[in-house]
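The structure tokens that follow cover one protein chain in two forms, given apart as structure 1 and structure 2.
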Structure 1
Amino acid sequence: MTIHVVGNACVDTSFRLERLPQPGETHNALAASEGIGGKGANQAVAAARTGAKMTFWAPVGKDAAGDWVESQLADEIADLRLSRPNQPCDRSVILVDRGGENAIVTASACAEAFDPLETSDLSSVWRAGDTLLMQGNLHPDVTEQCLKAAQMAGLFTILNPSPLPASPLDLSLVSLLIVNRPEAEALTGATDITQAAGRLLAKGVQTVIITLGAAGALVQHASGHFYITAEKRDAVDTSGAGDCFAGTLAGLAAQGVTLADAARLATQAAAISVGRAGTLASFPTRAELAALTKTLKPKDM
């Protein structure tokens, strides 16, 4: 089984601050760093580090930054299917305060113009039984078309719709929906998470996971729900924690780990990431994920 991660990749520039600035303020950063980013790239690397067989489909600008992004991703992902549009590579600026909270601004011209069904051989490469993992960075119409084509081809579809599109997607095309609490509320209007999960199921989603930060996660499907508790850690940088969770869960599930155990280990992986600085740089290594996986009983695999 192959995981096809379809999304974006960019250059992340991160600034660590005492606090996030108010409108009109100028702050001197405590530290700055640059690395690979983009929700698609983040989730693809997290999935690859679980040992899953995966392919990453994304656009990368035809410039020096795009060359660098491609070279860095090649160290993590064996099967890269990157398009190179004739425009600058996408970029994100991430501001992180001492408490780990963040604010992110992204320039995403490459991602917004990317249509893998039209410009790549995605639909001829995937097979029934594979998994499609997508986020919210591509044009909503493209995301929906990919989900529909994948569903018709017999793939298991996972959607982490962040950032949320202006118009709602057809959630009946989604096997597993992963959202955080604010996203669940925005999609349903419900502040109670179990009510929000129920409303998402009513939209046609088979299974819903609502991530709750330090409180863990709620997993709900038609036959019931359960909670995953999170390990207590001091937050250094929360940026990318949701991507770490989604990619790790998808990678483990594709290797036969039960949803409950995949969600539990993904929550532990996300807890590791928030205790470190950076986005992708904070994710657990292959060795750390292998150690987590060894805690599973043989029957859970």
Structure 2
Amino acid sequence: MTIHVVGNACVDTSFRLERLPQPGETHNALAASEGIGGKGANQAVAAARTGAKMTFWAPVGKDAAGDWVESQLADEIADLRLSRPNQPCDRSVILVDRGGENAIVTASACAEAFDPLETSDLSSVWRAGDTLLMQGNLHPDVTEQCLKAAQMAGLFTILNPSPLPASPLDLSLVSLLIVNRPEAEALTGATDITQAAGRLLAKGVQTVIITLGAAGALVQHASGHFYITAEKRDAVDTSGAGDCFAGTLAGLAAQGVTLADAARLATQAAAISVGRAGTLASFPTRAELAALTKTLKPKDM
């Protein structure tokens, strides 16, 4: 079955600083780097590296930065379905201090205007039984329309609604919801994690996964819940851990791996990513993921 990742892609420019600047200050960075960013791109690359058959749908501006994003993604994803709107590529500037505290500024005009049902042939490419994976970067109405169309077409829908939209999405359109602990609390008002998961199920989601940082993840079905423990790592850089988890899990599940095994391997993949610097740069390689999936019993693949 094919997994269709629909979301955003941008250029991330990161500066490591002694401390974050106050208004009016100018600082020399300790180090600077540029890479592909955007939760859509991150999750799409993580899913592609599992070996899943997949497509990636995202808007990438029609400028030199957009050309660079396209060429970088083409190295990772065979079936790229980028649209190239006539505007500058989305980008983020990320400032990180020595303690790991960060401040981020994002320009996301391409993502905000992207409507793949209107402007692409997404809905004629997907098939019943395929998986749709989305995040929270597109306009909430567009996200909801895509989920609705996919559900009607018989797809398995996965939503990682990060960043959370201002108004709540219809969660009955979601087969599998992946949120981190603060998002689960914000969506439900519950600080107890099993209570939050229960309230999310009551909103119509079939299965909820709440990621718990170094503590792993909680998986909640209608029939009960279980925990996946993470191999705790001293975090070098946690940015992108959630994307690594979601993309890896979705990629494996789309290949028929059980949800429990896919979640277990996704925590292992995310643990690798937090032990290394960078976002996409820290994600496990195809070879590392293949080594992890070898630990599955044959019937699971």
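The first residue in the sequence of structure 1 is number 1, and each one after it adds one. Predicted, not measured: the structure shown is a model, and the values here were computed from it. Take the two forms, find the largest set of C-alpha atoms that superpose within 1.5 Å, and that set is the rigid core.
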{"property": "Either 1 or 2, the form predicted on its own", "result": "1"}
{"property": "Is_shifted residue 62 between the two structures (CA, 2 Å cut-off, rigid core)", "result": "no"}
{"property": "Core-aligned C-alpha movement of residue 22 between the two structures, 2 Å or more", "result": "yes"}
{"property": "Core-superposed comparison between the two structures, residue 171 Cα displacement 2 Å or beyond", "result": "no"}
{"property": "After superposing on the core, C-alpha shift for residue 95 between the two structures in angstrom", "result": "3.1"}
